[in-house]
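Okay, here we've got a single chain as structure tokens, the form predicted on its own, with questions on binding and movement later.
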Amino acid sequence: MDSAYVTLIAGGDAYAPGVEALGRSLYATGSAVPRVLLATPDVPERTLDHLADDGWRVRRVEPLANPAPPAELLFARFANTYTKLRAFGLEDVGKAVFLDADTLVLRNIDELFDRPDFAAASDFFVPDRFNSGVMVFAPSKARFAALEASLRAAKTYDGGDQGFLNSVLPEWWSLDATHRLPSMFNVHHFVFQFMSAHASLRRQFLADVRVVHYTLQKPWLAPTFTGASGLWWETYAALHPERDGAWHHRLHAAEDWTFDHVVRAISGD
């Protein structure tokens, strides 16, 4: 296939709701680009059958062990993220847009396939490095082999794939500007919530947000007090109407309200 959106589910099926919501969000934008789901052997077959029914083309892949010591992982979940590198070896995909399973697409992003290889957005915390939650690249067998050969030698500042990829692609920041995606293609959910809560920011930026990235808390795993909970659940409820209803709306609105008011208290507003 010429192009594909690609994501990963690994370490069991805990991220299946995230993949569901991501798929639904892509569908809602009117995109007809194929969606490929990489899945490790520990993901139950029934889960993958369900996700295939949702439109994902499932590919079983072997996990890639994280070479970093557990104590160096920024989050424990980073133990599984190196398997994301398998996407760089998809031989039948000409251009891939990789989206983490904790992202949500708000507006059509098919234009990303016109970006050069390699393209990504700056990370919120370290702006001269890219965030690996949204990436554009041309996969190949040789490219994956080169990444795999670097696993032991390359350093990772966060103990995960993002630090590793920035180590092996250090020239990204100095490439032509077309390799740097606008920040609205990878907006942290707490930034989205902050913009939503302030009228001037809401008027200026909110309509331009393309992808929201739930980097801190995952709405389906625990109560989310770092923003954009209601947004994610609205998308998920389109697939699971049993999770919709006035009580759920009030609950997730209260989660977002908590974030807004904590920020205002800190800022003295």
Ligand code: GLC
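Numbers for residues come from their place in the sequence shown, where the first is 1. Please read these numbers as outputs of a predicted model, since none were measured by experiment.
Here the subject shifts to the form predicted in complex with alpha-D-glucopyranose, a form of this protein not shown in this document.
- With alpha-D-glucopyranose omitted here, the record of contacts in the model of the complex names 211-219 of 211-219, 197-205, 25-33, 57-65, defined by a heavy atom within 4.5 Å.
- Interface membership of Pro139, defined by any non-hydrogen atom within 4.5 Å of alpha-D-glucopyranose in the model of the complex, is ruled out.
- Interface residue remark: His189 is not counted as part of the site for alpha-D-glucopyranose in the model of the complex, having no heavy atom within 4.5 Å.
- Taking non-hydrogen atoms only, Gln193 never approaches alpha-D-glucopyranose to within 4.5 angstroms in the model of the complex.
- Proximity of Ser132 to alpha-D-glucopyranose in the model of the complex: non-hydrogen atoms within 4.5 Å are present.
- No residues of 23-47 lie near alpha-D-glucopyranose in the model of the complex, the criterion being any heavy atom within 4.5 Å.
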